[in-house]
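Coming up is one lone chain in structure tokens, specifically the form predicted alone.
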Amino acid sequence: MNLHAIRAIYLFEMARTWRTLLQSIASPVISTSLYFVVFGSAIGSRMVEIDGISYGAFIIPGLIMLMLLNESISNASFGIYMPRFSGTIYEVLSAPVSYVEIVTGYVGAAASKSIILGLLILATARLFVDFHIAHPVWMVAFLVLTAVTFSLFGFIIGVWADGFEKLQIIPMMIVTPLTFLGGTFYSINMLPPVWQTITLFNPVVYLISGFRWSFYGVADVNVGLSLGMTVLFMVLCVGVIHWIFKTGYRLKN
């Protein structure tokens, strides 16, 4: 394992974050804080509790997951797309570095940014809503696992995209709607039986449910199933990335 190569890619990607703090850190934190102000403080104070949890506290895991998914995908996709766009990807591919080390550097940096943002938003939420974390170790585990998994997914999007506009298609048109419909602002148990069944086909439900369980000990679906679905998606992403480097799909042409 070439740790020097991983460190070089990782630090290069992280340096881009520090150069654009307003866009990379401040903007997501402020945007999510507005949700806490509107839904947590203003609307939440007028709503009944859900599963014995105040509405403002109930939506915290969903909002963090909403940010985490979008930022993980965006950071990883942009990170690998820019070398392709500028042509510097050929220097990386010709270097004595394996694809595992390349992916580890890019995905590790993207996941680190998302985890930092998630923790910042968690700290910011404390300013607006009182909440507790019943299983802090599992909370961190779900946070890290989700960030890594969707950074892998973002890496795939960055390789697939052949223009800047395509980098935003999947996060904006697919991931964000699925997150809003996946129990961010409500429990799926509040839906009619038919819609509860339909909602179970939404993979984001399992992510939000597992993450919410780590906070309050309540979940819409089995926690083991949530963990299993996340690991399964991560394995699928790893398989696709292996195929990309094996075939050179959109990397060597």
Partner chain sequence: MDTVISVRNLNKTYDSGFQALKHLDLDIRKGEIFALLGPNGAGKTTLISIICGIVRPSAGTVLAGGFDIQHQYRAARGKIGLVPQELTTDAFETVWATVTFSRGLFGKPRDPAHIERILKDLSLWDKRNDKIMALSGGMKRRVMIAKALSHEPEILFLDEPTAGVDVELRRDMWQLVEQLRDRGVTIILTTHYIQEAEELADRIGVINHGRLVLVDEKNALMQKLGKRELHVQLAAPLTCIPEALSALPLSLSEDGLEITFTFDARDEQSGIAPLLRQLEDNGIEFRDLRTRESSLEDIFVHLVHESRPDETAPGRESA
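Just so it is clear, the structure is predicted and the values come from calculations on it, not from any experiment. Numbering follows the first chain given and starts at 1.
One more form of this protein, predicted in complex with the partner chain, exists but is not displayed; see below.
Participant: With the partner chain left out of view, which of V97, V144, I116, V129 would have a heavy atom within 4.5 Å of it in the model of the complex?
Facilitator: Comparing distances to the partner chain in the model of the complex, the residue within 4.5 Å is V97.
Participant: If contact means a heavy atom within 4.5 Å, which one of 86-94, 159-167, 69-77, 133-141 is the stretch that engages the partner chain in the model of the complex?
Facilitator: Partner-contacting stretch among the options: 86-94.
Participant: I'd like to know if L11 sits close to the partner chain in the model of the complex, meaning any non-hydrogen atom pair within 4.5 angstroms.
Facilitator: L11: contacts the partner chain in the model of the complex.
Participant: With the partner chain taken in the model of the complex, which residues across 236-251 come within 4.5 angstroms through any non-hydrogen atom?
Facilitator: Result: F245, K246, T247, G248.
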